[in-house]
Every structure is written in structure tokens, then in C-alpha cells.
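The data below hold one chain only, encoded as C-alpha cells and taken in the form predicted on its own.
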Amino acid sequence: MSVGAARGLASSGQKPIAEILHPLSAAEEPLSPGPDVSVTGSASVGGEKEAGLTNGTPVETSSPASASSLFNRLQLDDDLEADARDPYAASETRDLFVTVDDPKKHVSTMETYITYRVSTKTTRIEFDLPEYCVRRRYQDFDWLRIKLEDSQPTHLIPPLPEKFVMKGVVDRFSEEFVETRMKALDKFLKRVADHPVLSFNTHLNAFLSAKDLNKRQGLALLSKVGESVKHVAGGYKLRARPAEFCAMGEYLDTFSQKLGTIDRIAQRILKEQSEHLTELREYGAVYSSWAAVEDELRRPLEGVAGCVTTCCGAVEELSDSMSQDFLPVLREYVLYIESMKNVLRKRDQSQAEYEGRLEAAILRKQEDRAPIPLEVEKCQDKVECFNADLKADWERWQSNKRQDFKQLLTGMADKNISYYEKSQAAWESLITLLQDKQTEDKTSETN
């Protein structure tokens, strides 16, 4: 398979975009296009409904530890859905595996930076060797993403984690920050390597195999398609976006709002948990100091202090899970939404160019009966290519999103179950201790 084979990627088996439900919405109605969108010739909006984050299977509530078993069922559903929805999953075998790990800090007189080990295993003939191991820093990943956007403008490029952090708020060389960024870079590269078109890009090949990237080479030269897409908007105005792409834009707006709301609430929860943790530690210390001067109540007071310490550990684990596992996924999809909107805008620009050139050609034909110029046909081909590639990437994005959010919410459920189980077990042990103490007191009084 080559990059040139990208044109036929999504022309068959694609569902109308309006049939796909919002993953966090309680409503089960498909999105409908706005009133200003022409529906003539577009795909129908009705039809089979898709599952959101739930698959319609009743969840047993009798066992609080059923989250993992539920996730196993969801994983099975995802495997079946992936084969049915992704036209490449059933026909292609993965032959490119990448991993980002082993971050290292480099200090020089000019700068301090982090590099990551990028390991590759492949059987593709485009690579000279079956295995590679190189080190890359963040700006190398950024270079790769820019080159992918320039050379593959009709495709959705996975987002990178944000480069800049607020100084004084986040230490970009802290172990926690580096670990979070490493996971995000690993996910970015895996998404690119799993893509049936992007994975064959020559810039990805260089990124994975070259010891030293010559990033200056080709910076001034964009692909013909990429260059034309950047300048198609001049003098043209889109008449009406097709219904399914209009629904796509509405979906992204709604999804973005929901993610933003969840992120703000999660940030408040983290702040409250941090304050609660501080109070708990002070609370437990009081019981410990009290036990030191109260011989008769020493064991019960030490038991309370131990329970509070256990609860502190449980709260800390819950907070770490939210900050390191939950919030990064939300932020990744916020960036994903912006990437998708960017591709939509480029698609609209391409359509506007085609409509403008076609209208001008029709006017000339009416005046002097000139044939339709070849450039108009090329613009039409470009629009059709945009539509096909965007639909295929949208389907793939929806599939990945369902999997990610099912795993995310299941993990969140497991962490909360673990938190309450640890807290409950700690306080139940205190009740046992108090009962034993009461029995001992009664026995001593009898004697």
C-alpha cells in the first residue's frame, strides 16, 4: 500500500454522520442539520442508531466490583464493532509497531530538554531494517505533525499534547509531567502508525528510522495539494455545507462544550480533594498526639489515627488517578476536536473554490461556448477526495473515541470503588478494635 492509494479509502460502507450519537449525551436522537443546510443529494439522517458510551446491556449493581467484568464485555463489543465499521481492520494486518518510552533529561549550556526513546518494529519493505531505536524530543514530534498536515491535508492528524505550560504552576521537568507527556506522545505515534494512509508517509519513515532528522529540508516546500488547500479561500464563499458535514460540525461543538464542562468540574473536584486531604492529615495528627497522653484510650485513638491515615492514602490515589489518567484524555479530545474542525474548514475551502470556479466556467460557456476547464474537474476531484478521506477518518475517530471513553469511565469506576472499599475496611477494623477493647474492659472489671 502506498500514499497514492489514499483516494479510495472511504468511498464505500460509510454511514451518514448524523447517525452517530454523542458519547456523553443522555439523548438518543441523532443530530440533525441546521435549517440553512441544503439536504438535496445528501445522505439520509435517519436509520440505525449507534450506541454511545453504553451498549444497552443492563449492568448488575449488586456487586460493586463489576466494573472490570463490564469492561471485558465492552471490549468484546468493540472488537465486533471495529470489524464491522473499519474497512481496514478485517483486511489488513498490522505490520508497524511503535513505542515511546525511556525519557531522559539533557542539560547543556544553551538549554535543558527531555528526549524519548522511539522504538519501531516492522516488516514493511519501505524500511531498510526490521527494527529501529532512535531518540526524539518534543519538537521532533511537532515537526512530524506539521509535515503530516502539509502532505496529507485531507486527513485528520492526531493531536500532540500542548507544548507550553504555565511557569511556576507546572514543572515541565517533574517526573509526573514527563510521564504524562510521554504517554501522550506514545498515543500520538501509535495513532499515526495505525492509520492506513498516514503510516505510509515518508516523513513518518524518516522520523522512525533516521538517526538525525534534517528538519530544515523541505520546510519551504509544501505538497501541491497542501499548498492549494492553504490558498483556495481567496475570493470564494461557501454556499452551503452538505448536511452530513453540517451535522459533523454541530456534533463537535456539542462535544466540546460537554468536555469543557466536565474538565472545569473535575478541576474543582481536584482542588477540593487536595484541601480535604490537608484537613484529613491534620485531623489524624490530633488523634495521634492525643493517644500519647491518654493511656486508657490509647489503642482506640491510635486506631482512629490509623483509619484517617488509610483514608488519606485512598484520597491521594483517587486524586492522582484523576489528574494523570482522566484529565489527559479529556484534553486530548479537546485538541482532537480542534484538529477535526481544522480539516472541516479546509474541506469547506476546497468546496468553495470548486463552486466559484464552476460558476465562472458556466458563465464563460454561456458567453462563448467554451468547454469546462480541466482545473474545474481537478477541483471537483479534490472535493470528492476530501469528502471520502474525512468520512473515513471520522468513522475511525468515532471508533477510537468509544473505546477510549469506555476504558476511561470504567477505570474511573474502579478507582472510586477501590477508594470506598479501602475507607470502609479501615473503619470496620476500628469497630472490631473497639469491640475487643470493650470486651477486655468488662473482663478486667469482673476479675
Partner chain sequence: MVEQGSILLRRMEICVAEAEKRSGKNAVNMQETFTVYLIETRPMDAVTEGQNPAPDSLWRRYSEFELLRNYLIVTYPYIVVPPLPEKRAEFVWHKLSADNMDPDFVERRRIGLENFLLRVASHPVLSNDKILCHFLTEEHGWKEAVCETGFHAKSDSRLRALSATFRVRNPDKRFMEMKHYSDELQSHTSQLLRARARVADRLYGVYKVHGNYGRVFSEWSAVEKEMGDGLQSGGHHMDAYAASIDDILEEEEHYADQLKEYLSYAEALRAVCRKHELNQFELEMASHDLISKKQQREELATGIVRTFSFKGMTNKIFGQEAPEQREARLKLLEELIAEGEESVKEKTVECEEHVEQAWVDMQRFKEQKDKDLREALISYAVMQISMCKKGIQVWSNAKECFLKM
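If you're wondering where the values come from, they're calculated on a predicted model, not measured in any experiment. Positions refer to the first chain, counted from 1.
The next section is about a form of this same protein that is not shown, the form predicted in complex with the partner chain.
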Can any non-hydrogen atom of E162 be found within 4.5 angstroms of the partner chain in the model of the complex? no
#### Entry: 4.5 Å heavy atom contact, H276 to the partner chain in the model of the complex
yes
Check your understanding: So in the model of the complex, does any heavy atom of R268 sit within 4.5 Å of the partner chain?
Key -> yes
Is there a non-hydrogen atom of A413 within 4.5 angstroms of a non-hydrogen atom of the partner chain in the model of the complex?
yes
Counting only non-hydrogen atoms, the one stretch of 289-297, 145-153, 102-110, 127-135 within 4.5 angstroms of the partner chain in the model of the complex is 289-297
The partner chain in the model of the complex has a heavy atom of only one listed residue within 4.5 Å, and of F97, F200, F177, Y283 that residue is Y283
Answer key: of F207, Y336, F188, F326, within 4.5 Å of the partner chain in the model of the complex (heavy atoms) is F326
Contact test, all of M182, F245 and E355, partner the partner chain in the model of the complex, heavy atom 4.5 Å
no
Looking in the model of the complex, the residues of 239-264 with a heavy atom no more than 4.5 Å from the partner chain, listed in order, are Y251, T254, F255, K258, T261, I262
